[in-house]
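One chain is shown next in structure tokens, namely the form predicted on its own.
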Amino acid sequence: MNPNNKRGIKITGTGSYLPPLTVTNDDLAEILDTNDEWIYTRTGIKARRYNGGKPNYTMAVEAAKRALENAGAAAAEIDYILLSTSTPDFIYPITACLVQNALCADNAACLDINAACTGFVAGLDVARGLLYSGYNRILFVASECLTLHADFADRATCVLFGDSAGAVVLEKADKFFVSCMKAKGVSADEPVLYYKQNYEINAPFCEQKTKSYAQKLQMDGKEVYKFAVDAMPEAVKTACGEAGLTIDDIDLLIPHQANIRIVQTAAKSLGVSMNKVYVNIENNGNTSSACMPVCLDELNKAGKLREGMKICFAGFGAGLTYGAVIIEI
């Protein structure tokens, strides 16, 4: 086993925030040509949370406060705020800075990252690098407000998404850590999963004077499925191989909560029983990079995390990005 794999991280606190508004499949059936059976059999989703038009960063702040409380840490003790989001309220200021201001975490450097739904996996890898470059305590938050960007004219995709935020407080530790980050770049002309913001080109010395209209989240579900059921097992197997582990050495797999059929197919490909896979998609829907830290906080609150557990986080997202991280609790 590579000795560098013991240069790991310690999760000292977890926190999450789910908006109070629950939208069920029956609620969506009132505005869409759909029904509970159609949605549930295809996705495994019964309900999801909506932030009701409130800013994304407000969810991030609430999750961060809860993670700090769980860690017994003051905001002033945080020296880096790392934030994953694909749905920021602003291009700038970055969301991490909005969280820093709300928490009065005056000693913290700030950085936003965007790897779409792979953001939590990527962020753990980034956080580990930051910790071993001199930072002592990192607040890592993933916050996503997808429902504002869903296309409610497309019943196949809008039913998938929800809003949430999750956070962890991290320190370096002599614990196991290995990561596998990959990407399969797609064409900008024919992306598989994308969202393009509204802007108008009206600048000097620019030949192009066309207007690009805002587009809602678009997804080719079949292509995403084909990609995901291969990509997640590949990333997990690669991470295990790098670590000198077998899949049986993993105590718990927390995958991206995109679609229960994707999760089940990936687990079968890995030879992993669903008893070792944690899912909460039924009541939360797909909340992009926020889903994994929310899962982790649920497990923590339920007392299901124990010292020495090896947990594998595996995700995939727009880009196309994918990866896996194995950590020791």
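Position 1 is the first residue in the sequence shown; the rest follow in order. Computed from a predicted model, the values in this text were never measured in an experiment.
Omitted here: the form predicted together with a small molecule. The next part is about that form.
The partner is absent here, but in the predicted complex a heavy atom of L160, alone among V236, V99, I78, L160, sits within 4.5 Å of the small molecule. In terms of contact with the small molecule in the predicted complex, the residue from T34, T58, N70, N300 that brings a heavy atom within 4.5 Å is T34.
The stretch from 62-70, 264-272, 292-300, 42-50 that comes within 4.5 Å of the small molecule in the predicted complex, counting heavy atoms only, is 42-50. Interface residue remark: N114 is not counted as part of the site for the small molecule in the predicted complex, having no heavy atom within 4.5 Å. The closest heavy atom approach of I250 to the small molecule in the predicted complex falls outside 4.5 Å. Interface membership of G221, defined by any non-hydrogen atom within 4.5 Å of the small molecule in the predicted complex, is confirmed. In the predicted complex, the small molecule lies farther than 4.5 Å from every heavy atom of A109. The putative spot formed by Y132, F176 and V325 is not touched by the small molecule in the predicted complex; no residue has a non-hydrogen atom within 4.5 angstroms of it.
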